[in-house]
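Only one chain is given next, in structure tokens, and it is the form predicted on its own.
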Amino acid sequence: MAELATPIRPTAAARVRRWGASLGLLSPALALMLLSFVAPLILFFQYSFLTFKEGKLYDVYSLGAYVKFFTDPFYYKIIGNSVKLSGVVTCFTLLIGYPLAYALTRVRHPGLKKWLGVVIFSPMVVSVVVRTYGWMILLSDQGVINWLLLRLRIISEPLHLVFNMTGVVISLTHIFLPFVVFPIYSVLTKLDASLKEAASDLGAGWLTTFRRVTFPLSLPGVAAGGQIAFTLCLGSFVTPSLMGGGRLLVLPLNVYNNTVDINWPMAAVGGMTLLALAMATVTVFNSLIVKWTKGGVRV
């Protein structure tokens, strides 16, 4: 019997050349990342230790900005508003986006599916400012929504849907809905059809098949869509600023206001806090994706 050939391991010099070639290909992207992200982040971190007093910025390093930010209840309220807004918008986008993505997979007519895709993903090709102003017109006291509800005698006086949390949630849900639908739709279209057929052969109905096969296998897409929606909402500035009317204070708006006031230390601390929240969100959702991807179907 012929002996099995043993795999030849690359020499140290070959490994060095391979890593050198890979590094050469990655160097443009790494240089761009260093210049556009890492360097400004380091500078921003340095600004957080400067001293701002009586409207002036002093080149004196201290922890005063951190102490003020993490001991003042006002900033805890801002952090709470940001997390609450992101959580509510993420829940609504998932509740609307999952049935929408599932219905899109059930459409068999190619032309209808194409036009439905255009309608669903159309918010992505329109400026966020235009979309926000559009919702301000629709949700205003004299807007279409209140006019229709008054004509149908569902309400007796206009609902206040702008310059508050409600209007911001509605607008951001519409803006971020495509970012949730696409990951879920992508996962649903890649599911093995034989699993559904096997469940049907074993006597499972549509609801049982969906609950025990389709939905568990689509959870990685749900987690991916939720991660995108939460992190994007956490850093959204335009919509909370316009739809909130300055009454809904969130971290990006607070960072902007401190920057305008030349209070760079507080702006930097707020920015670093926002980055920490985003990184924590990505870590949590990534762990869910890994867990649900390895979990498979549990009957």
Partner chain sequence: MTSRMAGRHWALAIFTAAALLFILAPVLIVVINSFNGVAYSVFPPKGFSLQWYANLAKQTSFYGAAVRSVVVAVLSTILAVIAGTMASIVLIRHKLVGANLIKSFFLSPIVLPKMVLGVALFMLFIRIGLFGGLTGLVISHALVSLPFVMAIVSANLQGLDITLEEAAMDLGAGPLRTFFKVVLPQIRVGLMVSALFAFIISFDQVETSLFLVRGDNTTLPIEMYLYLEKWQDPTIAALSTLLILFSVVLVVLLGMGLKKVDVVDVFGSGKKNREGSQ
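Model, not experiment: these values are computed from the prediction. Numbering follows the first chain given and starts at 1.
What follows is about the form predicted together with the partner chain, which we do not show.
Contact with the partner chain in the model of the complex, judged by any heavy atom within 4.5 Å, is made by just one of L249, V60, V38, L63: V38. The single contact residue among S194, S156, T71, Q142, judged by any heavy atom lying within 4.5 Å of the partner chain in the model of the complex, is Q142. Although the partner is absent from this view, F52 stays clear of the partner chain in the model of the complex, with no non-hydrogen atom inside 4.5 angstroms. Remark: A229 does not count among the residues lining the partner chain in the model of the complex, judged by a heavy atom distance of 4.5 Å or less. The partner chain in the model of the complex is approached by R106, whose closest heavy atom lies within 4.5 angstroms of it.
Although the partner is absent from this view, L177 contacts the partner chain in the model of the complex, with a non-hydrogen atom inside 4.5 angstroms.
The putative spot formed by V126, W206 and F237 is fully lined by the partner chain in the model of the complex; each residue has a non-hydrogen atom within 4.5 angstroms of it. Residues W147, F163 are the ones in 146 to 169 with at least one heavy atom within 4.5 Å of the partner chain in the model of the complex, listed in sequence order.
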